[in-house]
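Here you get one chain, nothing else, as structure tokens; it is the form predicted on its own.
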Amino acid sequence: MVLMARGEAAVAVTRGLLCLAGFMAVSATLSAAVLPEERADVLFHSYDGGGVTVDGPSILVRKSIGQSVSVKANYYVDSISSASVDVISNASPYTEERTETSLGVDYLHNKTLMNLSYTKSDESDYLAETGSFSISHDMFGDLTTVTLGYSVGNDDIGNNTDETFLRSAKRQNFRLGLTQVLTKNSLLGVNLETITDEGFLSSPYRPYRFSDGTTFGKAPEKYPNTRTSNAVSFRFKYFLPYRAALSGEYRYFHDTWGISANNVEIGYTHPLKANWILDVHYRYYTQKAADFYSDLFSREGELNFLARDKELSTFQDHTIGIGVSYEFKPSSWQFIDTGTLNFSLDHIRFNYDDFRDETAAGGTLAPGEEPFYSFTANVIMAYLSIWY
């Protein structure tokens, strides 16, 4: 039943990975299009919050073939244990494991870099396969980089409580990006993204609830079969004279379900002595609910579509994070050029404006009288990277 926990856990872990990757890349020298460096990464990630724990390893290896081709392989595992408010309200706590494997190849031709990748994610009740292609080109003296990307995914959704249940969904992602060197110390990135989803887009486990004041009940959620999402983001980075950097990001999201969201993040990266880098960042996210979301409907079948997924509700979250990296150059290991040890911790506070905690006071409160839900979560990542 991993769909019940897929929301905040997966999103928080992904955000943490992106933040850590960003602060590790900030010290890199700006250059023209080149193949990714030969490297290997061994990572451990952990999410703990809202009754959900997610942890596991990830291994990535990248190797160049000649001067124009680079290949990579990644293996990623999530071990999930969930006793979230969704699960406790409607089912029993459970454990689950998700494995993800991906393969990719990069091809460099003059100032153009092309990437082709395939990812497969497998759980007991969810199978996802995604193919992706992107192309980027440097121009105007390597000061401007334009990137185009496209991904298509096919998901098969099952139900651990019903062997006859099988649904599918198709997802497409279109991306356009522009990175511009403004000055010798500043960099601006603008990205546009459109996502289209079609098929079964809800959870087979989660119900909505309804009450007319005298009668209370629950019924399976019903979502639209299509969804189109659009997002635009702006990223700015300013490199300070003493190898430090300031960064900022704003992202706006809107979809055909009526959800709109704003995301703002600021960060500071600072070198400590010769081999240490420290990163601190703060992120604020706010979201408006879907048109067909309600914590408590007035009757069964009140709308054509009905949902009580808290990830579709109105909520905000605040993230404070810190990361540290140590660079080393082992003289005794001839096959390793350099390496880094990296650690990050993100603390996230979620506050929901129109999703109530059914489990409050042992579930004895009347529907609609429970307190609004809130919880905190911690995302920890530690990994070793080596270049060879």
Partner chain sequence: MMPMGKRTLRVAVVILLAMLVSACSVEPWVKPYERANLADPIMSFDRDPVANAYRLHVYETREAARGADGKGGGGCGCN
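Just so we're clear, the structure is a prediction, and the values are computed from it rather than from any experiment. Numbering follows the first chain given and starts at 1.
A second form of this protein, the form predicted together with its partner chain, is not displayed here; the remarks below concern that form.
- Here the chain stands by itself, but in the predicted complex one stretch of 102-110, 210-218, 294-302, 259-267, 259-267, has heavy atoms within 4.5 Å of its partner chain.
- Contact check for residue 189: a heavy atom falls within 4.5 Å of its partner chain in the predicted complex.
- Interface membership of residue 142, defined by any non-hydrogen atom within 4.5 Å of its partner chain in the predicted complex, is confirmed.
- The closest heavy atom approach of residue 47 to its partner chain in the predicted complex falls within 4.5 Å.
- When its partner chain is considered in the predicted complex, residue 308 lies well away from it, no heavy atom lying within 4.5 Å.
- With the partner omitted here, the residue from 91, 116, 181, 280 that has a non-hydrogen atom within 4.5 angstroms of its partner chain in the predicted complex is 181.
- For the candidate set 314, 160, 136, 173, a heavy atom within 4.5 Å of its partner chain in the predicted complex is found for exactly one residue, namely 173.
- Contacts to its partner chain in the predicted complex (heavy atom within 4.5 Å) from stretch 38-53: 39, 41, 43, 45, 46, 47, 52.
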